[in-house]
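To begin, one chain is listed below as structure tokens, in the form predicted alone.
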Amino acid sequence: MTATLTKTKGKVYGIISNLVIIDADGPFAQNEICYILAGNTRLMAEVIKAEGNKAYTQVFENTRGLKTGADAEFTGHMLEATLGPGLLSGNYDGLMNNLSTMDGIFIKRGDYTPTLDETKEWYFTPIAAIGDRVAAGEWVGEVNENSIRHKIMVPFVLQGQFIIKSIVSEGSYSINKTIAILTDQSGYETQITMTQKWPVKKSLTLYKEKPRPFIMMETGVRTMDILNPMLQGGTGFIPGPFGSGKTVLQQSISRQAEADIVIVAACGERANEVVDLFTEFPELDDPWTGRKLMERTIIIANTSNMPVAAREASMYSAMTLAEYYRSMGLKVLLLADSTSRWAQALREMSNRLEELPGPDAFPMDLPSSISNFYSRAGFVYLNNDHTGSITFIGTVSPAGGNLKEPVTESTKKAARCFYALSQQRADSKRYPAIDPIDSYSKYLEYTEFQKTLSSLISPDWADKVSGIKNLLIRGKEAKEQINILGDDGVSVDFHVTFWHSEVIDAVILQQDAFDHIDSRTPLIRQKYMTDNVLKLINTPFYFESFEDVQPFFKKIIDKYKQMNYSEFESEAFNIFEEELQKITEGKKMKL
């Protein structure tokens, strides 16, 4: 006689906004999902604290109208992401509900929709064969998902070695159709389909322990690629005050960066910004594939007017999707906007649990939560020796632009690249407003990465980057001296030094995100323009007085900007470069 497994049930004991306490009648687990009945609506919740038979849950929906004594039922599993073909081009909320298939224009409370289309058929091509030995995460076949070869993998939950007993032939199948049968050493059979589930708060990483290569990730944003480069599988964050261009910069990176898959997690940002993503991305051309950008993009939308608890889920769901595609040997770019909203959700739930508060009432374990999340990014060697990577760039929205607040400080310890947006640069319309002096990339400190730059760009590239930063610092100091002592109170050399930094700023640091040419600068063009600017700066010019300096360098900046707006090495580009040479030739100091 087989025992019937009954689900644990309970009653609502207390309600504190989105924190609902349930009196359970049986066992339950940390992070287990349960459903609470509010009238005829089932509200999804997650256990965040267990205390005796009391389950403290965070509800992912509005709890208005919920009363004590309401019924609750525990599911026996954690918050999971459904993984399989059909994710690309999708718009989902933090719980992986498909927003495109929901009824109406507003998200209804308790309206949960399947992540994937279970009726659509995909053309499956086997990779493995009968008799092959496989393990969790290994590829058994593939389907064509837009321009991506989507690998069908052995479920990640399986442990040990398996033998493929049978596998379907090449053809079209739905995602729930059994495509292979695996047997373990005891002969137990496991049927697998094109889809599987995975808990979003558990890292999905199956890889070999091997030294990682230091491969640069080209973003197309000059101030990032030249001064503070990012690695494939690297981590970075963009802090900045309101209106400094965080969202625009992230969207520029998503369009131009060298990545196979782009995942955008809109975590607590304004709804109109997310609507821009929905409307713009389907219309944008992908500079890498020539297809539409949305074909390799997934959007997780959790705006500021959606329930606070769902912000946390959106971050973990986005990272789980990124790990899934990394397991296919793909380069994934994950962008989160903004992790401050996620941290605020953690703070809100921590306060309701009456936990001991840390700085600014954030949880005491905020640094470890941020570090654990950032650690899920990275470059890996898969068990089949293919490589995959997740490059993670998050934004931080510090209150009042204070970069000393806890979220920024904690993220600094976890991320390797720091792209600080300056309110002063934003106010003066110098976009992207990344402060070239305060920002940094710790990857430049690694000898291995310096060798990569030497072979990829030029042997002296690291020295040139250091020289540019030094010129910018000297230019800032010269500007301060001029402001204090006046134009005629300093020597001409101070003016020249200041304008050297202005040329670097205007030509290299500033970039027009709305121009189809200047919005993305390939690495070969970045090198050419950088070498050109440094050659000009190292050329001695003669000026009779400080009054001659500004007009001369403004003419130079104008020609350089025209070059930036022209196709690289085109006729127009070459004409502007010739005009630039004529301007500089007459001012060269005769030695």
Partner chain sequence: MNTSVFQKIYTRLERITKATCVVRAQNVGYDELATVEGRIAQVVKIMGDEVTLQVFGGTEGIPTNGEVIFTGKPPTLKVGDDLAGRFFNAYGQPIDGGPEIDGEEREIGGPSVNPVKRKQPSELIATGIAGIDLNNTLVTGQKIPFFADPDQPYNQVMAMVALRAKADKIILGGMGLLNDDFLYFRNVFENAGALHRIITFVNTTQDPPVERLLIPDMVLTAAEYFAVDKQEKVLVLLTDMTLYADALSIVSNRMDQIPSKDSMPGSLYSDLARLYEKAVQFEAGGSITIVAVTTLSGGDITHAIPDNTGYITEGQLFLRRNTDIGKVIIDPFRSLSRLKNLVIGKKTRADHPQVMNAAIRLYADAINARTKQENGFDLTSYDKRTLDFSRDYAEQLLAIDVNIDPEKMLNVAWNLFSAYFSKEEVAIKKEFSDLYWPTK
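Residue numbers count along the first chain shown, from 1. Note that the coordinates shown come from a computational prediction; the quantities given were computed from them, not determined experimentally.
Although not depicted, the form predicted together with the partner chain is the subject of the following passage.
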{"query": "is_contact(F546, the partner chain) in the predicted bound form, heavy atom dist at most 4.5 Å", "finding": "yes"}
{"query": "Non-hydrogen atom contact P540 with the partner chain in the predicted bound form at 4.5 angstroms", "finding": "no"}
{"query": "Exercise: T530 in contact with the partner chain in the predicted bound form, heavy atom 4.5 Å", "finding": "no"}
{"query": "Proximity of L536 to the partner chain in the predicted bound form, heavy atoms at 4.5 Å", "finding": "no"}
{"query": "Site test, T125, M153 and N384 vs the partner chain in the predicted bound form, non-hydrogen atom cutoff 4.5 Å", "finding": "no"}
{"query": "Contacting member of P213, P199, G110, P241, with respect to the partner chain in the predicted bound form [4.5 Å, heavy atom]", "finding": "P241"}
{"query": "Sole residue of Q562, N53, T41, N31 within 4.5 Å of the partner chain in the predicted bound form, by heavy atom", "finding": "Q562"}
{"query": "Heavy atom contact within 4.5 Å of the partner chain in the predicted bound form, the stretch among 322 to 330, 366 to 374, 213 to 221, 91 to 99", "finding": "91 to 99"}
{"query": "Heavy atom within 4.5 Å of the partner chain in the predicted bound form - qualifying residues of 537 to 559", "finding": "F546, E547, Q550, K554, K555, D558"}
